[in-house]
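This document opens with one chain alone, in structure tokens, the form predicted on its own.
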């Protein structure tokens, strides 16, 4: 123990600082919890959204698949609809492409440009992509279309979040 005595003024200062700190912490903790809780909440459904497209119905011709899900932004929940172009490649594997053009974010369509059949076409600046989503050189897009990861859930197609294509 220290031999110096604590004066009444120091004792009162320490006591009021400690009590004030506990009171401030008691008021701030619910606010911090309120702000952080939605971020830490676990989504039990996982990252894949089940679509209404059966795996057995997918052919080698790209078809547009729309799927909806609830997106939560902090305390606000909204219904969001996304789209994918889905087909089976030559190996029989499913390919799910994002319809968002990598040039300016317009929406691409399959086989709508009469001058370039069997291509994805972006009408904003005449952007072209091949069937596998690769951008055609000499057109505005600078990167291939993003790819959705997929899995099968009870015979139906489930899509994850679109990600840029990993080049070999």
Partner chain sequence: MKWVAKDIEVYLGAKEYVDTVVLPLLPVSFADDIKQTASMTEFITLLSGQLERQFKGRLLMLPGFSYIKTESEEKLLETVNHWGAEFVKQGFKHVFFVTSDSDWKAREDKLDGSLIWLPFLPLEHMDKNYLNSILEDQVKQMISLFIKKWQDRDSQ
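What you are looking at is a predicted structure, and each value in this text was computed from that prediction instead of being measured. Residue numbers count along the first chain shown, from 1.
Just so you know, the form predicted in complex with its partner chain exists too; it's not on screen, but the next bit is about it.
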Fill in the blank from the handout: Only one of 128-136, 105-113, 26-34, 55-63 sits within 4.5 Å of its partner chain in the predicted complex by heavy atom distance, namely 105-113
Exercise for the section: With heavy atoms only and a cut-off of 4.5 Å, decide whether residue 77 touches its partner chain in the predicted complex. Expected result: no
Practice task
Although its partner chain is absent from this view, report whether residue 83 comes within 4.5 Å of it in the predicted complex, heavy atoms only.
Solution key: yes
Exercise for the section: Using a 4.5 Å heavy atom cut-off, state whether residue 124 contacts its partner chain in the predicted complex. Expected result: yes
